[in-house]
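The form predicted alone is given below as one chain in structure tokens.
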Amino acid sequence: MKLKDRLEKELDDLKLADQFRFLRQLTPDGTHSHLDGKPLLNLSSNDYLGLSAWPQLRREFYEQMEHTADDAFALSATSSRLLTGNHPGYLRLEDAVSQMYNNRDSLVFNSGYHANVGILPALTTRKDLILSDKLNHASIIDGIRLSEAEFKRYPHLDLDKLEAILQKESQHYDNIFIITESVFSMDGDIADLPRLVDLKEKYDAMLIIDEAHGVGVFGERGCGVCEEHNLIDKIDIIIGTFGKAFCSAGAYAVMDKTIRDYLINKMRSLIFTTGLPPVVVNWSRFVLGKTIKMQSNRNHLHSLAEKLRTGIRNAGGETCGKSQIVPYIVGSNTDAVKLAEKLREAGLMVFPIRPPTVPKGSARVRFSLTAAMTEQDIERILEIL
């Protein structure tokens, strides 16, 4: 079948299965976004601390920056970091990240996707084994596929099955890498990091934790679930993002110096890409300095999430998780599409989440909460539901 014919047929199949996706034109406005001219409460954002709803932060940033060199506002790094793109903002940002994480070494990347598709291929060989939670993010899966290592997926959050694999396979490979998210973006549930650390120590494995949905939200300083359990120094690589709770762009990883030096030399998604613009890197450092002190905002966010989860369950709905991500699981793609349409008509910006993003038969709408919301917002959501 010719390419265009095949593509058109696959697109038609997606439409029939209610899995067809398209790009919407949205205009953000604080806790709301305008869709087709109508203001909707934005429940689909990853802006977990609600920083985009506080324009005074941007004003303070630019006022501070007026007293620095003009190149701090530059809109392009103009080169990769290994050539001329490693501007001073990078060094200051990595120093700030290191201070947050008990002075461990850190490395900043262009995105969480860049981090996940680059770290595993750089560190592993065909004599290694990667063990991955079955519901890990697509970027982790792509990183595994780009590596030469063998890999196995263990059932979601099933650490007994993970240990069974470790018992069977640990002697057959040079190195074993365990990789998981801390907070899972579709269910809002949380991996058991203390037990994962125990398993990695028991079987001499490398443990990589992707805290994309945990940083800013968990821990006294917002370092994530690893900080909440006092495990920062016991996890080999911790990956975080600036693009969600920290309201910026880019990502970072925390590790020891040897791994950092090796990634700088071998990680293709770091080496072969233009660096982040100085203005973005400097904004990330500015935001980190603020979010460290936002424990009351984190507490408020968790309170809102628990109120919503409890309300959904009390009304007979199906939900799960223990984080700021609250899914409302309906089952079929068609039901999820229809429910999302009705909720948007009622003023809530939610969209259907369908396979392959979630397992077949578990389509849902997902409420992604921010600390800029109020208890009245949650009451309104529950009233509409």
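Computed from a predicted model, the values in this text were never measured in an experiment. Start at 1 with the first residue shown and count on from there.
What comes next is about the form predicted in complex with a small molecule, which does not appear here.
Colleague: Is there a heavy atom of residue 113 no more than 4.5 Å from a heavy atom of the small molecule in the predicted complex?
Modeller: Yes, residue 113 lies within 4.5 Å of the small molecule in the predicted complex.
Colleague: Do residue 193 and the small molecule come within 4.5 Å of each other in the predicted complex, heavy atoms counted?
Modeller: No, residue 193 sits far enough from the small molecule in the predicted complex that none of its heavy atoms falls within 4.5 Å.
Colleague: Residue-level question: is residue 200 within 4.5 Å of the small molecule in the predicted complex, judged on heavy atoms?
Modeller: Flag for residue 200 set to no.
Colleague: Flag residue 297 as yes or no: does it have a non-hydrogen atom within 4.5 angstroms of any non-hydrogen atom of the small molecule in the predicted complex?
Modeller: Contact with the small molecule, no.
Colleague: Counting only non-hydrogen atoms and a 4.5 Å threshold, tell me whether 139, 241 and 244 all contact the small molecule in the predicted complex.
Modeller: All three within 4.5 Å in the predicted complex.
Colleague: Given that the partner is absent here, state which listed stretch (74 to 82, 125 to 133, 181 to 189, 283 to 291) has heavy atoms within 4.5 Å of the small molecule in the predicted complex.
Modeller: That would be 181 to 189.
Colleague: Of 120, 308, 276, 212, which one comes within 4.5 Å of the small molecule in the predicted complex, counting heavy atoms only?
Modeller: It is 212.
Colleague: Of these, 143, 222, 250, 89, which has a heavy atom no more than 4.5 Å from the small molecule in the predicted complex?
Modeller: Flagged contact: 250.
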